[in-house]
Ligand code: IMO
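Next up: just one chain, as structure tokens, the form predicted on its own.
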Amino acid sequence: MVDILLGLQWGDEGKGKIVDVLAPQYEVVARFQGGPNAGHTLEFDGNKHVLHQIPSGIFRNDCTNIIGNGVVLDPVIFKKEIEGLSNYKIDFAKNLFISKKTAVILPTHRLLDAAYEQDKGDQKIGSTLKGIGPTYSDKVARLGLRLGDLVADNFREKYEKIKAQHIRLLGFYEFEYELEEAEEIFFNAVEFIKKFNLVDSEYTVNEALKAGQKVLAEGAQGSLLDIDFGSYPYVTSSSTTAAGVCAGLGVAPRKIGEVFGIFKAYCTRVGSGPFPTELENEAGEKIRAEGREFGATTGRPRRCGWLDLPALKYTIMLNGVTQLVMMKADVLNIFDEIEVCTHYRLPDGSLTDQMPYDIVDMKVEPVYTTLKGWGDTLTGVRKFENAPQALKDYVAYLEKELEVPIAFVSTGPDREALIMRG
């Protein structure tokens, strides 16, 4: 079966750590969407690692890692990631496979990303400027290059054709740019990536399943950034929900098993877009400082706020979540009281616990319930029975409201700082 691990909020939930923890139970870990806009952070043995395109099972020597066809891949960033892992003696020939159908991010895609953001002015999306959106746009428009094209005899011809189209667009937006150096770095990275296992990964995944191996599908970004169900247009360009796994890896729906949904004990968001529970006050600053809430990919400070149950219920429903994972419970150690949003008050005064279609354009007021904080360190807590009573009460309250069990509670950044329940 294919189990799925994905984020239930606006990304940055801590997926990398949990994939790393769960990886020993799986023979295969596969990324099914997104690209270098992802930043999956793992901490172990006193070291911190941020992966952008490579699956988070890469540190497990007995685990096959697959970059699926639903991903968009930047060869330049891929090369830097591989070089950054040089000290870990990873056998990439054995452990890393990349789909030939993976879309390739070109230097001009990054330029277009910046041009589009510049043109939007005050209405900008908050893009990471990694070229993600333009690459997915070309994919859907049937114009893009895929990884298998890099080894084709007419690769440069295909590249120059797309480049010419992009240059015409950049001229339309009157965007100034330099391309020569970026192209030199890009073509160097293309030669580098050709040395890796470029495969028809849909066969690789399905052959593993046929052999009885367990596969963990690793999501990027978060469900509230989904292209269909997120706060459009302030979303990413891929399907970040469980539905994206089948198309992003080439597996049938009947082969999906457990769905692990990851959420923080509070909320964060990077970039523009609605955030009903955002705290633009001292409490928000305290969460940001305590949680080290700065983007793993961009370094941008994250917007912070209290936990949003209507949003969480929404993404649990969309994904068919079977087990929940609560991250960063330790960040709330500093609060004597914790607020949880249970409903939105709409402009007409009515209450709802559903996600409104027009939440981007309307101002909703969060309605909170107050819970007692535990005000104590969680360092060294590995069993739920040893946790502070207030944390137990917080978990029990959420399980009752969300109607899904919380299987894991993270109590710190290290892979060992985790309470496994049941």
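Just so it is clear, the model here is predicted, and its values are computed rather than measured. Throughout, we count residues from 1 along the sequence that is shown.
Note that the form predicted together with the ligand isn't included here; everything after this is about it.
- Of the heavy atoms in Ala38, some are within 4.5 Å of the ligand in the predicted bound form.
- With a 4.5 Å cutoff on heavy atoms, Arg300 counts as touching the ligand in the predicted bound form.
- The ligand is not drawn, but in the predicted bound form it has no heavy atom within 4.5 Å of Ile105.
- Contact between Thr236 and the ligand in the predicted bound form is found at the 4.5 Å heavy atom cutoff.
- Of the listed positions (Thr128, Thr135, Asn319, Ser201), a single one reaches within 4.5 angstroms of the ligand by any non-hydrogen atom in the predicted bound form, namely Thr128.
- Contact annotation: of the candidates Asn206, Ser272, Gln165, Gln323, the single residue with a non-hydrogen atom within 4.5 angstroms of the ligand in the predicted bound form is Ser272.
- Contact annotation: the ligand lies within 4.5 Å of heavy atoms from the stretch 263-271 in the predicted bound form, the single such stretch among 189-197, 249-257, 263-271, 206-214.
- Contacts to the ligand in the predicted bound form (heavy atom within 4.5 Å) from stretch 197-236: Ala220, Gln221, Leu225, Val235, Thr236.
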